[in-house]
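So this first bit is one chain, no partners, the form predicted on its own, shown in structure tokens.
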């Protein structure tokens, strides 16, 4: 099933994101995690990009194939184009097609001095056009409620989403955020520009101190007072922070669903306990 169809069938689509482990020896542990998450009946599961191979780890294609075929849940495979040429992209697409994976999240990928930007695919919208040209795939895209770090402004970043809409990208999944007001402002700007693509809100529960600095650095998400107060109160109490982080995410998601958000995309960090606890707190609204 193309995941774009889900947004026409459901008021709110619920999805979970996982990532490939760095060591192939963790394969069975990952599959056990996926089985646990499957009991929550997500509408689809996404897998972040990882090549796997001789350097260890498990490829995105292998994990997405397991989700699609063994767990029988639609899988969304991430695919990046930074440093890639057309042949590399087509090889990746052929592997995914063979694995029965027909949903792809088209991403440019993070800037890397060792991987120059692709001349053939300078932006994710160019990658999306190539995927759709090959046929047989649904292409999702990313968006940033507070603006892409490289964009001159939020308004400019929203205007750039027109390219993704013209490339027939659907749905969009947001970068994580902790303040729903940013999401609502972003969505309002989108709709004023006649960008009608459904949007899933990306939410990551912060449940330990290790996550805080790294997550904020990578996402550039701003921190509302309610969030910083939570961290200050529970940062020296691991159990308290875990429960408080789960509750913060639950309340954030409940507000989003009740406000008519198209979808919720849970960044569960391969933690089935986190996924289950969050799901318990929102399942009455799904």
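Everything numeric here is computed off the predicted structure, so don't read it as measured data. Residue numbers count along the first chain shown, from 1.
Keep in mind the form predicted together with a small molecule is missing from the figure; the text below concerns it.
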For this session: State the residue from 216, 71, 189, 142 whose non-hydrogen atoms include one within 4.5 Å of the small molecule in the predicted bound form.
Result: 142
Exercise. Of the residues 234, 49, 31, 227, which one places a heavy atom within 4.5 Å of the small molecule in the predicted bound form?
Worked result: 49
For this session: Considering the small molecule in the predicted bound form, find the one stretch among 191-199, 92-100, 173-181, 206-214 with heavy atoms no farther than 4.5 Å from it.
Result: 173-181
Exercise. Is residue 157 close to the small molecule in the predicted bound form, meaning a heavy atom pair under 4.5 Å apart or at it?
Worked result: yes
For this session: State yes or no: in the predicted bound form, is some non-hydrogen atom of residue 107 no more than 4.5 angstroms from a non-hydrogen atom of the small molecule?
Result: yes
Exercise. Using heavy atoms and a 4.5 Å limit, would one call residue 267 a contact residue for the small molecule in the predicted bound form?
Worked result: yes
Problem set entry | Interface membership of residue 75, the small molecule in the predicted bound form, 4.5 Å heavy atom rule | no
For this session: Look at the candidate spot formed by 80, 148 and 163 and say whether the small molecule comes within 4.5 Å of a heavy atom in all three of them in the predicted bound form.
Result: yes
